Every structure is written in structure tokens, then in C-alpha cells.
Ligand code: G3I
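What follows is one chain in C-alpha cells, specifically the form predicted on its own.
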């Protein structure tokens, strides 16, 4: 959407700890135990408390701007490449793929513990010239080959892909594009191809002007998703771009739209948010609507500062040209901090993949270190804290009591004898922390024979996005990757 005109209808803060872990504190003293959902100070950390993410679009060309990259790395926990993963960027010549710019963003993000959404695989716009010259079966095959080629490069690395982008007219009919000219089943073919190419990534349909439930375009997309789900076409999520023009463009029925899509069995996400003049009420309203729908998994603003926006003259983002927080930022942060942990348990992975069958590798009562297969580092309680809500991380194994875990007969993983490994929510990205043992399902874990550790409540895997000291632990859909495998010994 970002290069095209559009119809105006429309757990604790993240800290990367670099210092040495302090010696274990004496246990048994009087402790201050703050609420596990104490107010977070950044957008990503605040969203993570309810199992959601808060992301931004990033341009590779701006990563050298220290103000830009500092804000992006500090505030957000999900990144979408602005243009660098689109068809013209990734396959400039047929069969010759180029991932240098996309990889620059991916590497920058993952080095900072941020996840990445792929955007986009099949779109009528920003096609390379060679693709624009094709039609019919030749174009259909080129689309299939493009999806396979790009997804093979990023297989197992991304949180989601916008498989198809902006395929509908405002009245709910199909857009008359060159891709539509290959046959009305082209979207289904794109999704089936994508699922075969990467069984672990979430597959999304993405569009603008689908926020108003009574609008023709919204109903057209809804009917397609309903049809896909009824016939087993693989689709996991719907992205609502949420480009608002201020005033009254936040529909009163926006939450109805989100919940109606979610009721079909898909996640929903706000994928390209910007609002004319950064209306505080609009930003707070769209954030609250997402919070109110359990399957609304996250929000992405389309850019960091106003000067980075494709709509820069409208000052639509949460930071001004100089990188200062605007009033809308505070309204969003407050809304995120007010959210309760997300109770929804969605499928453990896209498609038909299921969680591994529990088969403990250690007997109850056994314990020791929890060591990441990818990193060789231990699951660690920062600074030997005993405070409820302290988020665990990876750190060099040191044999101290803040890295000593015991698997109990009731499937708890305890540290210090009375603190349990605890999931702060059940959705993707929920923080993993320590908390007073209470016997609840969010403190019970299956230690599986394939090296994964899955939450009894969520079915999701312990997951860490990176290998360095201070990388934070979360739960996420099980993917079979090494960043989700641990040894308890």
C-alpha cells in the first residue's frame, strides 16, 4: 500500500544485560515482589505483556541513521521490511534472486532479538519489469517460482509472510490485475505454494480499507477467508493495514471487524498503521480494539519518525522528525500497559503441524542447567533476582543458583526452591519469567524428547531469538529450529 494512493475510508521492559551476572543473593530475606504486569517503558515490552508484539517498518537505507536505528531497536519487537522483500527487490531478473537488502534488515533485527515479518510475495504493484511483461500460465508459473525462491531463502526464519497483498477492489470484487488475469484461483495457489515452501511460518492476506465491517471491500475479503477456511486452503492470518486519515476514519465497528475475522479461525494483525496528524484518540482506539480481541496478535506502525513516512506531510507516526515521542505514543503505551494477559491459545503452529508428544528427557526431581542447543548458553535469572516478574534470559553458564533449575513431579521448573518458570501469557511472544509457584498451567512445562520445552497451557515452545548474552526467552509456535531446543542437565 505504501507506494500507492488509497481511498480514505478508513512483562517487564526489554533489557539486554551485558554485565556479568552477580553472585547468587542470599535467599530468605524480605523481598519486594512487584506485579508481573508492572508498566513497561517501551512499546514492544508493553505489548509483550499481553502476548502481542508492537512493530515497525524498517528501510535498509536508514539503518545508518543513529537516531532512527536507536528508536527502532529500543521501542519495537517486530520488524517489517519496507520495500526490501518485495518482488522487484528480491527477483530483479527472472530466476536471479537478490536478498542483500532484505538480509541487511533481517540481520539487523535478529541481532537485537527482534522478529521479522515478510512483506510481500504476490502483489500487482512493485513487480519487476520482466514479470509485468508476462501473462497467463507464464505469469502463474513465475509467481509460483518467486514464492518458492524467496521463501526457501527465509525458511524457518520469519514470524509471518504477507503472501498476497491488496487483491480486492473497494466494492469487494477482485482487483483486475495481471495476477487476477491468470485465473480466479491465483490467491489460493499462492497460499498453497507458500505452505509447501515453509510449513512453519504464518501465512497472511494483507489489504487496506478493510477496517470498516460494513464496507464492501471488507466483506469481499471476509468471504474469501471464510471460503478458504471451509476448504482447507492454508491461511493463518489477516493483516489490516490501518492507514487512517484522522477525524472519524477509525470506524466505530473496527473491533467488530477484527473479532469477525478472528471468528473464522485466523489471527488478525494491524500491519501498516499510520494516522493523519497522529490523532491520539485514533491511535488509542485502534490499539484498544486490538487488545480487546484475543486473536489480534500485534500492531505494526509504517515507519519510525514522521520524516520516514510515505505520508510524511501528514505527520502520521508516533515520533516526530527529530525522534521525539508524540502524545499519540503515550496513548498507545498506556493502552498496551493496561491490557491483561491474552488468554487465547491459538494453534501451536500454522497448517497441520502439531506440538511434539511430551516425553520427558529427565525424571522429576532431576535438574540442573537449561542449556540452549543453538547458543550453548544457560537460561538465567538476571542479576540473581528473586522478584516476581523477572524475565529470564540467556547467559554464559556459570554454575550459580540463578541458573539451577529443578523439574518437579508436577511439571514445574523451579529455581531458588520457590520460584517457578512462568509464562506471562499464552500467545506468541509472551514473556517467560520467574514467579511464585502457584500450580497453574502457565507454570507447567513438558520437557520433550526432541529437545523442546513446551508450555502446558499454551502448547508453545520456549524460544529465544538470538544467541548472545542477554537474549530474552519467550514462548512461540514450535518450528523445529535449534533456537527452540534446550538440554536440561
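Numbering follows the first chain given and starts at 1. Fair warning: this is a prediction, and the values are worked out from it, not measured in the lab.
Omitted here: the form predicted together with the ligand. The next part is about that form.
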Place the ligand on this chain by superposition, using its pose in the model of the complex; is the pocket open, or blocked by 3 or more ligand atoms lying within 2.4 Å of backbone or C-beta atoms?
-> blocked
When the ligand is placed as it is in the model of the complex, which of 108 to 116, 258 to 266, 163 to 171, 185 to 193 ends up with heavy atoms within 4.5 Å of it?
-> 163 to 171
Is residue 242 close enough to touch the ligand in the model of the complex, meaning at least one heavy atom pair within 4.5 Å?
-> no
Contact between residue 202 and the ligand in the model of the complex at 4.5 Å, heavy atoms?
-> no
Residue contact check: residue 310 to the ligand in the model of the complex, 4.5 Å heavy atom = yes
Interface membership of residue 198, the ligand in the model of the complex, 4.5 Å heavy atom rule | no
Residue within 4.5 Å of the ligand in the model of the complex by heavy atom, from 383, 83, 321, 280, is 83
Only hit among 272, 91, 306, 236 for heavy atom within 4.5 Å of the ligand in the model of the complex is 272
Mind checking whether each of 154, 465 and 467 has a heavy atom within 4.5 Å of the ligand in the model of the complex?
-> no
Any residue of 393 to 423 that, in the model of the complex, places a heavy atom within 4.5 Å of the ligand = none
